[in-house]
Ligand code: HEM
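Taking the form predicted alone, here's one chain by itself in structure tokens.
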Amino acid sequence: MDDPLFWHRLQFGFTITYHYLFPQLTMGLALLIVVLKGIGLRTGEAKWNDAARFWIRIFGLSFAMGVVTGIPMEFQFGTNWAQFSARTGGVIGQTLAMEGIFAFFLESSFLALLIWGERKLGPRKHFLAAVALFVGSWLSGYFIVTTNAFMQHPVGHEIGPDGVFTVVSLAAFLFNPWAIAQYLHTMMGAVATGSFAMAAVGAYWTLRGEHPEPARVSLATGVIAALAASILVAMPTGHHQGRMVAEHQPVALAAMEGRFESGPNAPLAMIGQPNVAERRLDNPILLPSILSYIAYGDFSANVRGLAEFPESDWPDNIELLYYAFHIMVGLGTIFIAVAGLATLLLWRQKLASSRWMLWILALAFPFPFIANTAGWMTAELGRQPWLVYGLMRTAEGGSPTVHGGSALFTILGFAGLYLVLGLLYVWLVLHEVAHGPRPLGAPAHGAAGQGGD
């Protein structure tokens, strides 16, 4: 605990975990808003635009929180990770700048048009503004994921005699195979978050008998999109991401599965408790040969265990990594089951009358946030003890002149500030949900109950 590096890692981990609660929602909603606006433009039915207008407001609140909580992380590259920034800034600075200049400004500019410009733009141009918002949001996500992918699987660079990284192939850096796999998996996770949030609000309105038309639109769109996204998170995007880990980070795969010994016909651990001290997985429930197939496409393939690697290269928190991975996979499986059952009821025109299913959907919305957070914890804990995998250790990237007490003090400050911001955000979202969708031109207050007009 006296190690300043521990506090630097804790601070960045806390701030980025809190921050990512908001982008995962906005990136998912960006696509769903395009769907709502597109159907509304094609059909001319007001209910689609009323629902879209509501979700644009939720997007705006979440986007603002994402900006406020994201800014401190940019400063932490200098204050907490000065050596990392000095050595790799010539590479990761490329995508961070692209995210700020191109994607962020594109996203924020068209968000303003979506919120305040609907009457002046007209239906078609307002739909195009939604498309531009979607493009900006997903471009922003790609640049951030590409930055992280370089840390996971560094390509397109060279290291000078002074240890400084520079880009030698911008194309190789931007189209890193790891980045593409990680991006598709991440964005499908974001769509799952947005979809379950949309379905939850639609279910809540349906249970209360409020805003019937936008409620049906939000419920149906959310449920169908949740099923599609949940399946795509698992297959093919999650499966392909697992193959990448097996190929390039085999020690991380071994830790994720609590696998200490190598061997063929490797089983998949559905549950168990990693016992690092005695190098075994306690109380396991195993699916024979499944891990070999997932990792290498061959049921008899050899999967290396932790004992085959130097302990200095093991992830430094195997237990947390193991549980984060299994929470992500377990929740993802539940999402497919819940969304699949809800879609079946929707197809049979029984969803709106199935109060038990509506309650499940209304209460399910926090779990995609948990699953996405666990997924990012899996990626980041699995990369340890490296900042840039195989090239720069985490211990080499900190700011040696910033002592642990300063980092702890700012962690406490962030925690207090984010608590206040979080409570304000929740209050504003609940206020919007209570008032519901508003027809075009309706006043900001007193509009509850008008969403189906």
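Residue numbers here begin at 1 and follow the sequence given. All values reported here derive from a predicted model rather than from experimental measurement.
The form predicted in complex with the named molecule is left out here; the points below concern that form.
Asker: Does any part of I144 reach within 4.5 Å of the named molecule in the predicted complex? Heavy atoms only, please.
Answerer: Answer yes; at least one heavy atom of I144 falls within 4.5 Å of the named molecule in the predicted complex.
Asker: Consider H435 of the chain shown here, and say whether it contacts the named molecule in the predicted complex, taking contact as heavy atoms within 4.5 Å.
Answerer: It does not: once the named molecule is placed as it appears in the predicted complex, H435 has no heavy atom within 4.5 Å of it.
Asker: Using a 4.5 angstroms cut-off on non-hydrogen atoms, would N148 count as touching the named molecule in the predicted complex?
Answerer: So N148 counts as contacting the named molecule.
Asker: Determine whether any heavy atom of V429 comes within 4.5 Å of a heavy atom of the named molecule in the predicted complex, and answer yes or no.
Answerer: V429: no contact with the named molecule in the predicted complex.
Asker: Can all three of G70, F84 and E380 be found with a heavy atom no more than 4.5 Å from the named molecule in the predicted complex?
Answerer: Yes: G70, F84 and E380 each sit within 4.5 Å of the named molecule in the predicted complex.
Asker: Let me know the one among T186, S292, N176, T221 whose heavy atoms come within 4.5 Å of the named molecule in the predicted complex, would you?
Answerer: Selected residue: T186.
Asker: What is the one choice in Y296, F77, F365, F309 with a heavy atom within 4.5 Å of the named molecule in the predicted complex?
Answerer: When the named molecule is considered in the predicted complex, the option within 4.5 Å is F77.
Asker: Tell me which of 37-45, 400-408, 419-427, 387-395 has residues with heavy atoms within 4.5 angstroms of the named molecule in the predicted complex?
Answerer: One stretch meets the cut-off, namely 387-395.
Asker: Listed by sequence position, which residues of 286-311 have a non-hydrogen atom within 4.5 angstroms of the named molecule in the predicted complex?
Answerer: Residues within 4.5 Å: none in this stretch.
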